[in-house]
Every structure is written in C-alpha cells, then in structure tokens.
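Quick heads-up: it's one chain on its own, the form predicted alone, in structure tokens.
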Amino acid sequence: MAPFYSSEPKGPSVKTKIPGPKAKAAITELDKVFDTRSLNMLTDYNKSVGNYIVDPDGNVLLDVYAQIASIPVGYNNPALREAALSDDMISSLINRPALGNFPPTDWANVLKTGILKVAPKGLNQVFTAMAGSDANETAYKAAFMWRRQHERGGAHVEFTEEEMASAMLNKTPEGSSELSIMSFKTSFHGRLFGSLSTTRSKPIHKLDIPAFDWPQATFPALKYPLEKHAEENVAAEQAALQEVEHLILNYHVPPCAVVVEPIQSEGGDNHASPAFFRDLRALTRKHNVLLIVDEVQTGVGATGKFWAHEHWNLEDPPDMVTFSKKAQTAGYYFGNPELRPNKPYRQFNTWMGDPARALLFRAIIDEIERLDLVSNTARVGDYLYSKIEALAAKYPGQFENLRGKGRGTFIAFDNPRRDEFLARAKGFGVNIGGSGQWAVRLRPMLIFQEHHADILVEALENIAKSW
C-alpha cells in the first residue's frame, strides 16, 4: 500500500551516532539558556516528513513516539499547512482573543464544525483549555462547583456571606466538609496543583510540591496473556472496584468525582477490561459521584476508536471527557447543563483555549475523515500486534506482557533493560518512548501503515538480537 503522503521517505537512514556532532554542538549552545536534561532528540522540523523525524545531522528515524503521542497526521502535513495559511488562521494568531470576553463572530461555527463534531456520545458542550493539565484542572473545578451547587439546593441559591468570607481565607465554611477527586495508583493527569494531586505515576513529578489530601484507588494489575489469567484478572478488577466504593463511602475527604484514564499511559500502559469501566460507571452513578474520563493521550483515534472509552460500550456516558495532545487543542466535553457554573467568571481565564488550535483540530478531523484514519489505525494495530506477538515467542524475555490487542496501535510491552532498549532503537532507525518502570510504549501517528509496521518490527528484532 502506498504511503498517504508521497513526500515521505521510504525508510530510516542513520548516518551518525545520535546525537551526532551537529546535534551535540547545538545542544551545548541550547543548554546555556534552556534546560536540556530531558532532551530526547534535537529535531529539524523543516526536514521531518510524515512518519519520519530528522535531526541536524541528517539522521532520519521512523517516529513511533510522535512528540509524546501528540502528532496525529504526520510532520509537515500538507492539509494542516493549508489550514495554517488560511485567513482565518492568520486572524486568530495575530488577534488572539480573550475568548470568555471577546469571542470571534464565528466561534460557534468553529466549535460545531471541529471540536464538537467529534464530541463523545451524549456530550454536546465543551470548555476549551490550553493543555491536558489545564483540561483536567478545569474539569475538577466543574465537579467541585457542581457538587456544592447540589448541596445548596440548586443553581438559583445564592452564596452566603460566610461562604464568600471563608473562600477568601482558603477555608471551608463551618459545617461543610472538604471535597476531593479520586484517582488511581499509577495514574497521570497532569502537573498543575489539582491535576498533580491526582497524578500517581512517579515521585519525580510530585516531589517538593504541596498536594491535596485526595484518595487513590488501586488500578487493577492485569496479567498477560489475558486469556491465560482470566479468573485472576476478574478478581483483581473486582477488588479494585470494591476499594473504589469503600473510598467513596469512607474516605475522610469525600470525593465528588473519580478521574480515570482508559489506558494508564505514563504509569506503564496499564489496561483494564470494558466490564471494569462499565462497573466503575455504575458505581459513580450509584453514589452520585461524577466520572471524568481522561482521554488526553488515548483520544483522537489512537486505539482504533476516536475515543478510547467507546470500547467500553457504556449505556450511560461519562460526565466529562478531557482531551488534548493529538487534538492540538485542549478542554473537556460535558452534556449536563448543571456542569456549567451558575455564574460567569467562575470557570475563566484570559485565553480559555486558542482559536488557532481549534482551527487546526478542525483540519485534523477533516484529514482523519478523508483518509479514514481511525479504521486504518485499527487495522494496522492488529497487524502490528500479531507481528510483535511472534517476536515475543521468538525472543523470550524481550517483549514481555505484550498488551494492547484490539486497541489500535496503542501497544506496549515490558523489557528488563528498557532504557538501553530505547537508546539502541535510534541506532536501528526508530524513535520509541517508554513509560512506567519497564514499558516500551508505541505511539505511532494515525498515518502509520503496514509497511511502517514492517520497518518497526525489523528494528525491534535487530535490537533483540543485539544484546
């Protein structure tokens, strides 16, 4: 099958060690003014095309990390370039509006033809934001305001003098308990104060930062292959659900919402079954607690559905779904009008998102639909999974706990020498990322095809043979 974009290289080309001499010199210069300790690869974006990322030394790598899962339709995509050159985009960039106060005349149309065109089932409104952390943070605020509004007796009930006075002292009014957001162990929801308090993946994210006293439940640790551990996995999921219910009922700071990733990404690509999530939804409804689904990394087609939670076949949709990364914009979807604050300026900042990024997401959606890229990802994911499954059988211990079957290209496996594995991959022409302690996570773009999968699998086998 021909690549979606003819300008794409036919394959990787490694000319120097990575980083090479030009990259090393540029990194040294950059380090004088910018912290480079987390640097993965210095990139020449003018020369990067489609699925391929290029460095200053001319090394061309197949990129299956895609800027931490945030590039949807390839580098220098011609359709996105055309959108970027439009008069609408230019106007949005040079006249960036404070959306809450001065939205552009066509803002409703931009939302309806873009962000809301792909809204999850049952959710028909959106609050736009700047990034994934911001999306989750504002969703949490909406949950707190919703809960307090119910406690007061409805949106029409005015705040008391005591409530307003105590708010200015950072205190809860006498007679009211503090509220919390429940998350799961090994989760990642962002790095702002509220989102960081629900992040539980690595200590380095949280050290020295004050955090809220909020509960965390155990995310079920499934054993692989799934079909050989069915009873154990069901028991693990039931135990996790029992813990969720116990925390809802008994935690000393009652949760008003539960936030969960369809696949825990930064925490190690941890999965749970659709039945687990359906039961989790039922629990939140039973106890009048909101369910926030964090689709920042899993959304926009990566799992073979536009939204990963579509795999759960919910009868009752989540209360809010947050998004960012591949959408190139951010925010949260909701449907219940009670989740819109009862007064203006309660959910507000200067920008409230970015029309330029909303226009880009609209162009991304059009490109996804034009090329049927969600179906492409589902098909190619099945192909790639079967190839890596064969590698796992051929090289025991190198591709352990392979997971992501039936979830598009959202595939991961464990390797006991993970960091060295990732470093060696560059030498074989592939840029890959990791997550958790041992996981190698694959995050190809939606334009990733079978011939790209063959190149990747060949590189993975070369790494396995190189130890």
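Here the structure is a predicted model, which means the values were calculated and not measured. Numbering starts at 1 and follows the sequence shown.
Omitted from view is the form predicted together with a further copy of the same chain, to which the following refers.
For the three residues Thr218, Val293 and Ala390, a heavy atom within 4.5 Å of a further copy of the same chain turns up in the predicted bound form in no case. Taking non-hydrogen atoms only, Phe193 approaches a further copy of the same chain to within 4.5 angstroms in the predicted bound form. A residue is said to contact a partner when one of its heavy atoms sits within 4.5 Å of a partner heavy atom; His287 fails this definition for a further copy of the same chain in the predicted bound form, lying far away. Using a 4.5 Å cutoff between non-hydrogen atoms, Leu80 counts as a contact of a further copy of the same chain in the predicted bound form. In the predicted bound form, a further copy of the same chain lies farther than 4.5 Å from every heavy atom of Gly153. Annotated contact segment (heavy atom within 4.5 Å of a further copy of the same chain in the predicted bound form): 85 to 93, selected among 220 to 228, 310 to 318, 85 to 93, 237 to 245. In summary, among the residues Thr113, Gln347, Asn336, Ser273, the only one with a non-hydrogen atom within 4.5 Å of a further copy of the same chain in the predicted bound form is Gln347. Residues in 437 to 463 all lack a heavy atom within 4.5 Å of a further copy of the same chain in the predicted bound form.
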